[in-house]
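Take a look at this one chain, the form predicted on its own, written out in structure tokens.
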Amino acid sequence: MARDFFTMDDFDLSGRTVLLRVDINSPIDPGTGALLNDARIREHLTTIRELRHSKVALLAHQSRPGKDDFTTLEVHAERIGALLGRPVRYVSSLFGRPAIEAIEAMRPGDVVVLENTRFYSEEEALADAKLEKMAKTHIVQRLAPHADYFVLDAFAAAHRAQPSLVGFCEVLPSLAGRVMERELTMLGRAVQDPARPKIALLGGVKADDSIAVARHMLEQDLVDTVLTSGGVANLFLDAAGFDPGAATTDFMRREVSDYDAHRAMCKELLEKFRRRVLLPSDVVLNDRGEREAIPVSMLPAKLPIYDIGLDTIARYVEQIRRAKTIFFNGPAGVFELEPFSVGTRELLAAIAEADGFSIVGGGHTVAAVEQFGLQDRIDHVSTGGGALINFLAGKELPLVTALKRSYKKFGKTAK
């Protein structure tokens, strides 16, 4: 598959100064400031290690203003150093004199972590501005003259346009890091592979996002069938005339903005693609922590829906076994509670066993994959939540657009 963006293979980066933008936004204990999980950091280690002969200035963000975990990147730098087995310096400045001096003092093999990009107003205030405007920000104008290349590895933030993410692509040759390259390659392969059937299992509580994905994938014939579960199924069931009951619907209305408009969209999709959208035939209610399975014909229910039933699981597993390509985004139920983890666990186990090429993504989905120990048996576990949803919904990813622009602008400089 022909690429229209640079990767780290296109340039000799040895001895060069590289600005590396990653997404290591991690859970932080607001009381102690301790790092609670380093999964996002570990994702980028391959890229960082490949730059071991370069001088690397790492840019990243942590949370956002007003949040309890909005803090410096000092603990991130410490963890990166521990994982690499060598010192990594944290600099409490992004583009001020301490940052510039730290970059200028680096030798090949050095890594410095600059300050949280979101500490600076430009990062938030100019979000979604034109690329040319972001290229003129202080962040870009102060740092770019001290670097040779910009490596963009933050796929999890690929749906966001902010100066530290896309501004450098206008003024420096910009390359996809290994995380970004792998994501775009795997997702592109799954979408473009002609082998059929292709299916998408859409669940979770962010039903509004998933409905946009379902519409795009069905209208563009990217999948043959959409299998619904979780909150997505609750919305489609309501649209199909199966009232889930007040306990479930009230929760869904709190979680889904413009609930009625999205229900109308579901009804429209059901009318247009009825044979290609599968709904649960049975659901599981939460009866004081115990499973109570009922067919959907018995809805509405006084108790809330917490999982899909065994008949639905069996129907969906059969679809998974036959599929050549499988997309999975959003758990089938409240998997965090063991009694209601059955649907999510069985569907993921079937995907792990299937011969078809499988892609799973989304924060809760990845957590479920790790909880059930299946991460090594899925073809691709995406680091992106919102980025993956936007990609599958056919929306433009600003980081990909920026990489493509840099490719056109600096194409003659590649080796």
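Here the structure is a predicted model, which is why all the values come from computation and not from measurement. The numbering used is simple: start at 1 and walk along the sequence shown.
In what follows, reference is made to the form predicted together with a small molecule, a form of this protein that is not presented.
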(request) Using the partner position in the predicted bound form, report whether Arg64 sits within 4.5 Å of the small molecule, counting heavy atoms only. (result) yes
(request) Could you confirm whether Lys55 comes within 4.5 Å of the small molecule in the predicted bound form, counting heavy atoms only? (result) no
(request) Examine Asp23 and determine whether its closest non-hydrogen atom to the small molecule in the predicted bound form is within 4.5 angstroms. (result) yes
(message) Within 4.5 Å, heavy atoms only: does Val166 come near the small molecule in the predicted bound form?
(response) no
(request) Taking 4.5 Å between heavy atoms as the contact cutoff, choose which of Arg263, Arg178, Arg345, His159 touches the small molecule in the predicted bound form. (result) His159
(message) Just to confirm, with a 4.5 Å cut-off on non-hydrogen atoms, which of Arg182, Lys198, Arg215, Arg118 contacts the small molecule in the predicted bound form?
(response) Arg118
(message) Only one of these stretches, 283-291, 151-159, 241-249, 130-138, has heavy atoms within 4.5 Å of the small molecule in the predicted bound form; which one is it?
(response) 151-159
